[in-house]
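What follows is a pair of forms of the same protein chain, given separately as structure tokens and numbered structure 1 and structure 2.
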Structure 1
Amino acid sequence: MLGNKAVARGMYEAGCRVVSSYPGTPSTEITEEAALYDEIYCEWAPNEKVALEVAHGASLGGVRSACAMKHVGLNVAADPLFTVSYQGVNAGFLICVADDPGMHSSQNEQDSRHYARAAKVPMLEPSDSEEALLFTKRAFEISERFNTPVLLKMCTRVSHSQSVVETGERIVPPQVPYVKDPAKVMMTVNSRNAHVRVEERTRELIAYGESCDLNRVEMGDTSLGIITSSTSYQYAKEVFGEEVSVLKLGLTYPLPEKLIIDFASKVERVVVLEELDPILEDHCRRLGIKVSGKDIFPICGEFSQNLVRECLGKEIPETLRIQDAIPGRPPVMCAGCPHRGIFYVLHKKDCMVYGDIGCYTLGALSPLNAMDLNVCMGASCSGLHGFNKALGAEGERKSVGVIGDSTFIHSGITGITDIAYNMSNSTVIILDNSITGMTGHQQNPTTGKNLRGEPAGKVDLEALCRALGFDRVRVVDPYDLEQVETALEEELAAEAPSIIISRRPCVMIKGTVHGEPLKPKEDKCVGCKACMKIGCPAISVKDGKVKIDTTLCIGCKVCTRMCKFGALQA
């Protein structure tokens, strides 16, 4: 099973009944796979904060529940996380978070283990799919035993690799009755008392970690002892096999003390092998253990078997060396992507573009070069407002925010509310492609379908924006470059907050009707390469003449508006 699929299977076998999530690579498949089980109610929430609150509410209602998100999503959910840690649970409550070392599809490389320590919530880290299934089931048990939410930390390599798992039967615990308890209202004395309980819980979890099978010692040669967890454990075993002794930690918060001290006493040298921040290493140092860690391993980026070999002075076998340099393959918007026309016009008009998080972030790349910056989900709206407050009319006439439909629902609504409420003449472009594109075509509240593709409530973006105080709201077709350019010019010149909705479905949505591929007229092509300015992967120039890859071209005809010589025709 894929690691994420194994987590979903663990939820099923543990009797989980409610899962609420927001899609985010590399966590997305957890919820998609859980939705394949009719016994589990699954939904896409507008954002991770809502997802965590929904799942915790289900726990308080007496059924095992879960939510899933990527590492930056945990930032969004941090507010309820810290208080839920104090409040506790009724039935088991699991929070899955997937980190992305190497930033394969993320804007930063944060280490979610910090959240476990800061919120004082136990964290489990599986190292393969079998452990992903087992640790998921164990997490629900720990949650109920210690009255706490439990974090299950995945990472790209565990989430998206496959290994053999042994499945079991679904066992559904009886629903826990809800009992009104005034002490669960987190305020003043209740919160102070809850903090005391949380500290006691942490001490109990440390004692639990000293002997539980989530942490295990694998003794081999005692000249070197490696303390590790997650996918780093796999790298250690692949590189050294039984040549070294290993302390594998599956419960990485709170960390054991006696177990680590005892292991260190049995080996000559201790090395801590962990990706990103030195959390295990710092814990060992606090225990007075002399260890090597970030003095030999990098703090940035994803590890590999060869990196571990190299850092520990072990020769890399010739058979495992890559002799040839792998050519770069930068990401690109799909042929016919509706976002391409918007970014072409923005580049042409030399706008400052405050971008956001989604596949449209690729608008920053050559040849479009049409995005100046991005920060996090929704920042394009509020960030643009601040930018324009600093520059005044100079900024308002030349700057726009760009945000996708799903991202807008996630956290753009409050940003445009700030624009309307405080009356900055800011223009925000909502790229409505009828889907959550970057994470693999998940539904969202603007699509009219739920997670399972069934009819659902649909947010009317135009009505919503008007209700928030925007009098200027218009819809454009991004394939019509003249219409886009006119709308942009008029809204930037307007003395009022404005919204432009660029509406056309993602070309990759199943069932989208495409046109016939274009047929270039080479006799009319002068080799000016104007058609290349939109960066469509279906277009190339060979021997001075335009070529169209008919396996990619969907007949959007945007490129025909570039050509002044009629060389591109339907």
Structure 2
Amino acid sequence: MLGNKAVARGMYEAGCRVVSSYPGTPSTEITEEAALYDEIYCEWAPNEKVALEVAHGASLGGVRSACAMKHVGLNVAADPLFTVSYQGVNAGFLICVADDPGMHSSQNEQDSRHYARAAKVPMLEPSDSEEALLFTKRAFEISERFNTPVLLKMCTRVSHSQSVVETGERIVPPQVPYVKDPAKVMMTVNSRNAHVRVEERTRELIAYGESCDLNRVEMGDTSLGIITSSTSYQYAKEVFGEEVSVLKLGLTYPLPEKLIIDFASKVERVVVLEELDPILEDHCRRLGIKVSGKDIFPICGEFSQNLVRECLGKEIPETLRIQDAIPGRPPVMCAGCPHRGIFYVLHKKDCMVYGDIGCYTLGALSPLNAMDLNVCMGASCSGLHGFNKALGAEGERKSVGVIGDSTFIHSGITGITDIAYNMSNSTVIILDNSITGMTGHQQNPTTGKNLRGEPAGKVDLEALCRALGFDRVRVVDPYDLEQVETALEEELAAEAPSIIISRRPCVMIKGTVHGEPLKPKEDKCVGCKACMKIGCPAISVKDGKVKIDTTLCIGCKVCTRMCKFGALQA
């Protein structure tokens, strides 16, 4: 069972009744799998902050609840996280967060374990699917026993690996009655008292961690003792098997003290094996234990068994090689992707493009090269405004923000509000492809459907932008390059804030109507490769003639505008 599916199964078995999340690789399947159980109410929220608040609200209402997000999503949800820690729960409340060491699908590789310590919230770290299921169930128990939210930290290799699990029955605890309690209002004296309780709770959790079965000692040879958690435990066992002694930590905040001191005293040398930051290592040092950690292992990137072998002086397997350079195969926008037309025009006009997070970040790659900057969800709008405040009219006439529909709802609305309110003549392009694409086609508030695909409320993007103070709002079809170019020229020149909505559904959405694949007229092709400038994976030029891969081409005809010789006419 996939690690993320095992978390969903754990939620189901624990009697969880409400899940609210925002999609983000590698966490997305937790919520999609939970939604397959009719007994759990599941929703996509506009962003992670909202999701956490919704799920916590359900906990206060008396039912077990959860939310799931990727590591950078927890930054968005950090505000409620810190105070929910003070306020506590009514029924069990779980926050799943999935890190991405190696940045397979992320813009940074921050270590979420810092949040557990900073917000003083217990964190469980499973190392495979079986533990993902068991730890999820245990998290609800810990949450209720200690009156605290609980973080479940996943990572790409636990979330997206399948391993054997044993499933159980669903047991639904009775709904906890909601009772009004003035101490739950987090202000002044209540918050001061709550902080004292949180510190006391942390001490109780340390005591719990000393003897609970989430932390486990596997004694082997005592010449080397490895302290580890999560997927790093699997690499240690892969390399050493029973050869060494291992302290495997499942509860990684708060960390036990006696257990670690005791383990360290039984082995000759202690090594801390953890991906990203030295959190277990720093804790060991505070306890006065002499350890090796980041002096031998890297802080950056993902671990593997060969890395463990290399850093601990074991032999690495022999490998095979050929001499040729193997060309890279970066991801590309799909054939017929509606974003392509926009990025082609932006490239042609040599605009400064402040991009955002989604499939369209691929617009940065060759041959379109049409993205200058990106930071985080929503920064395309607010960052552009700041950029234009620095450069004035010079920036305003050349620069655009580009943001997808789901990302716009997530964090773009406040950014464009700033543009309208504080008046820069900024131009933001909303790429409305009617879906959350990159994470695997989730619905969002602009699509008119909910997580289960049923009819739902629908944001009217044009009306929303007008209501926020934009007088200039226009809609273009990204397949119509002339229309896009005209709109872009006019809006960049306009002495007013403006929004261009590029509207066409993602070609990968089921039911999107595709045209006939193009049949190039080879006799008209002069081999000039002008058609290659749009970076469509369906187009290639072989032996001086254009070829179309008919299994990929969906007949969007954007390429036909590139060809002066009529070789690509349908």
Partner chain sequence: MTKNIMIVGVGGQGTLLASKLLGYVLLGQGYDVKVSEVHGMSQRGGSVVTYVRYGEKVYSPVIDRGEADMIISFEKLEAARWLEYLKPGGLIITNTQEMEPMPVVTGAAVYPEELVEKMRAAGARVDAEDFLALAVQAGSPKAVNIVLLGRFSRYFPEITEEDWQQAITAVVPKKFLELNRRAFAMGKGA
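Here, a residue number simply tells you its place in the sequence of structure 1, counted from 1. Each form is matched to the other, and the largest set of C-alpha atoms that superpose within 1.5 Å is called the rigid core. Keep in mind the model is a prediction, meaning the values are calculated, not measured.
Comparing the two isolated copies of the chain, the second one is the form predicted in complex with its partner chain.
In this overlay on the rigid core, Ile326 has a C-alpha that sits 2 Å or more away from its partner position between structures 1 and 2.
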